[in-house]
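Presented below, as structure tokens, is a lone chain in the form predicted on its own.
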Amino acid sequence: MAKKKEYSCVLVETDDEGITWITFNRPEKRNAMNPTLHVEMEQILFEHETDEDTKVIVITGAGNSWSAGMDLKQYFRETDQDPVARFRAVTAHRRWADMLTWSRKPSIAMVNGYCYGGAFTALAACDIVIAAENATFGLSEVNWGILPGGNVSKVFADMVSFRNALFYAMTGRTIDGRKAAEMGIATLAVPADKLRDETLAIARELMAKSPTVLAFTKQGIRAVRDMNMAQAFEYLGAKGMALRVADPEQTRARGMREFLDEKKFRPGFEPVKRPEGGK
């Protein structure tokens, strides 16, 4: 049976398949992120990291937005003279983004509409980004007299080319879903009426794989981006050995046997089937 929980700014539902749908729920504010949302997201991700029913996390937004970035009034103006509140909001945001980045659970951003400014930090923390073709991305900070801070400039520059990072940050121009996929902001773009179906298909594809292998794979890809070749070689060697010990399903041994000995598995076309009762 599906499990639902509602917070002040977020809706959470884990369906019968094992997909946990996390919905930013401030549609009247285009899901702009306020301090309360950050605190709630930290709690939600902490709880679901060890939730056995959660196989894949999908993050989306209520209404016509994924998230319009930071709530300028609540996140900035109302905390300008309150260093305690500002510290709490900033650290909660950073902690939940880091938690999502390195989570053992695969995550998908299902971008259904506007995605602006501070929302890029959350977007970058998701492993896969599926965008509606009519979604709108942008950095409008330059028009407000501020710069894309809080690591927004960093994650945006990591996603796109140097020239595109400069151009879109300096002009504030918007980017639709198709262009976002071309630039590397999104993994792929689909018609809005196909967005949920495509997200479900990818979530189910991920759930067919060993969760331990999937976790080590995503963590490995993320880690080596900031390493040189020698460091990556050593890290991935150690990570691979750790995986062989950590994987309770012994996926590597089963895959080798089924591919080399039994000739019934084609790794280029499908994952090795998980054992009965595999979690």
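So that there is no doubt, residue numbering starts at 1 and follows the sequence shown. What you are looking at is a predicted structure, and each value in this text was computed from that prediction instead of being measured.
The discussion below concerns the form predicted in complex with coenzyme A (COA), not included here.
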Check: Pick from 144, 87, 167, 102: which residue has any heavy atom within 4.5 angstroms of coenzyme A (COA) in the predicted bound form?
Finding: 144
Check: Taking coenzyme A (COA) in the predicted bound form as the reference, which of 250, 231, 43, 64 has a non-hydrogen atom within 4.5 Å?
Finding: 64
Next item on the list: Specify the contacting stretch among 204 to 212, 136 to 144, 153 to 161, 92 to 100, defined as having any heavy atom within 4.5 Å of coenzyme A (COA) in the predicted bound form.
Entry: 136 to 144
Next item on the list: With heavy atoms only and a cut-off of 4.5 Å, decide whether residue 68 touches coenzyme A (COA) in the predicted bound form.
Entry: yes
Notebook entry, point to check: Is there a heavy atom of residue 59 no more than 4.5 Å from a heavy atom of coenzyme A (COA) in the predicted bound form?
Noted result: no
Margin query: With a cut-off of 4.5 Å between heavy atoms, is residue 72 one of the residues that contacts coenzyme A (COA) in the predicted bound form?
Written below: yes
Next item on the list: Determine whether any heavy atom of residue 114 comes within 4.5 Å of a heavy atom of coenzyme A (COA) in the predicted bound form, and answer yes or no.
Entry: yes
Checklist line | Sequence-ordered list of residues in 29 to 63 near coenzyme A (COA) in the predicted bound form, where near means a heavy atom within 4.5 Å | finding: 29, 30, 32
